[in-house]
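Below sits a lone chain in structure tokens, taken as the form predicted alone.
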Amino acid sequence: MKRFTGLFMAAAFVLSTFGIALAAPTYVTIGTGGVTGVYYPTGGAIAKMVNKKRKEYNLRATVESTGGSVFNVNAIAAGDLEFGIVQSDRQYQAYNGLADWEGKPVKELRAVFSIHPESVTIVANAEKNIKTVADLKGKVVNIGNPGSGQRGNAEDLFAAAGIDVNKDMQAEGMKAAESASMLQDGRIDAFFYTVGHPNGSVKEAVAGATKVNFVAVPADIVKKLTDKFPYYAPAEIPVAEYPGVMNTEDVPTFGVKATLCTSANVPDDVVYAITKEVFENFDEFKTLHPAFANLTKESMLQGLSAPIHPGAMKYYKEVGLMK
């Protein structure tokens, strides 16, 4: 044992004398959201893939449960997190100095890829014959409480569709959690909820005695929205997740994306390694959460409104996903 220790110390002396050192591993932390949401297992899935190749990349990834998008952006800016999962509209607002970052743009924020869509989901009483957005005229619709994501999304949608929220319907402003029971009780005809699927509240609405259907957003309106707002992307509501819903096919809509963000200060090789591992193991990644079921590699490049990090861009160019 003493002989082994002596040889090890001698080898270490030689390495240090000639300036040769074993590189210490790089540690990165991915900020997510609450442990019961989709962000936390998403971060865990990414970290798991990277850590499988920890010897190859000399890279270790850990996951932290956080307050979500705004916290993650601010922690990335402060250097407290290397990566964070951020809603695409929040990504846009942070980079451009809007909303919570009014006048203080986070110009070092960089996009890596987008993940699951958080779809603008319109759930309607099937007896009211609300098949598409135009059919919401004259109805009682919960568009969400003031300041909520779904309310802003609903207002954008109605503006693109030429519908006046104040004149063409009875718009209610309740929290999304109250919507399912109110729809089942007949107090509203439809409600908005911007959310990743499957979702418990939507399942509650579908499982009640009152039959419900999802309301389609026509392709031309989706295009208007995605052309005007870079953080919106096309989406679909997967009906297979909701047994009992009256729709027989997935329903077209739009939404924001959950996106993986980082800082311009994070080295290119670190971002390249993480991007490569997710995309090279894409089929495995899709199985790690039901919200990933409809992902495509192309859709993971939609909804990115901060500049793409050079490390990620290097991979996308290598495989032909970007020119």
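Nothing here was measured: the structure is a model prediction, and the numbers come from that model. The first residue of the sequence shown is number 1, and the count goes up from there.
Just so you know, the form predicted in complex with ligand GLU exists too; it's not on screen, but the next bit is about it.
Shown here without its partner, the chain carries G68, Q87 and T194, all of which come within 4.5 Å of ligand GLU in the predicted complex through at least one heavy atom.
Remark: E118 counts among the residues lining ligand GLU in the predicted complex, judged by a heavy atom distance of 4.5 Å or less.
Ligand GLU is not drawn, but in the predicted complex it has a heavy atom within 4.5 Å of G34. Within this chain, G149 lines the site of ligand GLU in the predicted complex, having a heavy atom no more than 4.5 Å away. For the chain shown alone, V271 is not a contact residue for ligand GLU in the predicted complex, no non-hydrogen atom being within 4.5 angstroms. Look at 23-31, 277-285, 60-68, 45-53: in the predicted complex, residues with non-hydrogen atoms within 4.5 angstroms of ligand GLU sit in 60-68. Along 38-58, residues V38, Y39 each place a heavy atom within 4.5 Å of ligand GLU in the predicted complex.
Between the C-alpha atoms of V195 and T66, a gap narrowed by no less than 3 Å is obtained in the predicted complex, as opposed to the form on display. If you compare C-alpha positions, T121 and E298 are 3 angstroms or more farther apart in the predicted complex than in the form on display.
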